[in-house]
Ligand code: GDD
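In the form predicted on its own, a lone chain appears below as structure tokens.
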Amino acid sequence: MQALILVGGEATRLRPLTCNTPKSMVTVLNTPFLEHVIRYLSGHNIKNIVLAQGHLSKPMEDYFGDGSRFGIKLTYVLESQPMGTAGAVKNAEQYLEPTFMVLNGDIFTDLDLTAMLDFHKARQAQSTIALAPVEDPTAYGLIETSSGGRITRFLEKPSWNQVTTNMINAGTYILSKDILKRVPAGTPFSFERQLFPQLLEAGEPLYAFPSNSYWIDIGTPEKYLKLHRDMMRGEVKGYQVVQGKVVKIGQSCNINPETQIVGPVVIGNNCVINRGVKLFGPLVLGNGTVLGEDSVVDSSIIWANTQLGMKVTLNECLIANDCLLENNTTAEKTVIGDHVTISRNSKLGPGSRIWPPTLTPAAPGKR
């Protein structure tokens, strides 16, 4: 089985974390999100993967190369302009096998892909769409089915008075390549709003694969932070409280012996934690993080090479790479982009978003 991952979105909801970093490369437990997805696919023996790229493509290629370091084969396909979900797959058509899987690159799930493939084959489906239950289905696409699992209706982002089910399109599909004949080349085109409804109207065999597996869209700071919490608290298969450790410390760290640490906490490599620091999980410190004396960090995610001065207090914050928060800074529910300096004695309230001083342009061209 082959998989195509849609990683071309601009991730505007997750900014400023994604001003210079593609959403698929934001770190989760100090590992790029896309690496978690690739290892998940590989665990289901899916080792031929196509990345449908657009915005900020170079960091992915620099990190993953041809995929051999991860035991897979990677193919990169770049779109010159946003093509929509189906349009991006059409753009990669020449690289696809007769049957293939599609995943939205901002979804994390532990869905049983092997069982989904067996379901697809047993029903000789043209398309099989994974379903997941959510508390609020109005932000997603609802799918209604018959008792046998055949899809009877699509409803995109319904109002509450239209809601008949809490099962939504989970952004994972198994498709026959033949359906791409219905997708016009070089034109933005959507699976959810155009192709799937057209296939349904034409009477094609479309099926839904329901599941109660873990599922989350990491497209907002709140959901990104929630994924970390869920992983570290053992709510996601394979991530039981940081692989069984309440506190995980990387290599070559210098941690003052009087540091107070309440897990779950993940500390990267080459970190320095000075006297009087207090850490309260769920918490992740990226490689090269330096925490000044008497700082308090609670329920936050800090990326690599960020430095906190003395008596800095953070609560539910997301901080990108190479930042400096000077002495006596206080921040709550704040998102800070990379290469940002916060002056001493600053107070950042809930909802604050601090943009990086420079932005990396999206890579042009098509390949």
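Residue positions are given as counts along the sequence shown, with the first one as 1. A quick note: this is a predicted structure, and the numbers were derived from the prediction, not measured.
There is another form of this protein, the form predicted together with the ligand, and it is not shown here; the text below is about that form.
With the ligand omitted here, the record of contacts in the predicted bound form names 101-109 of 101-109, 266-274, 198-206, 179-187, defined by a heavy atom within 4.5 Å. Checking 258, 222, 156, 118 against the ligand in the predicted bound form, a heavy atom within 4.5 Å turns up for just one residue: 156. Proximity to the ligand in the predicted bound form, taken as a non-hydrogen atom within 4.5 angstroms, holds for one residue of 95, 76, 239, 215, which is 215. With a 4.5 Å cutoff on heavy atoms, residue 50 does not count as touching the ligand in the predicted bound form; it lies far away. Mapping the unseen interface onto this chain, residue 13 counts among the residues with a heavy atom inside 4.5 Å of the ligand in the predicted bound form. In the predicted bound form, the ligand lies farther than 4.5 Å from every heavy atom of residue 227. In the predicted bound form, residue 281 stays away from the ligand, with no heavy atom inside 4.5 Å. Taken together, the three residues 168, 173 and 192 all come within 4.5 Å of the ligand in the predicted bound form, as judged by their closest heavy atom. Contacts with the ligand in the predicted bound form, taken as any heavy atom within 4.5 Å, map within 74-90 to 79, 82, 83, 84, 85, 88.
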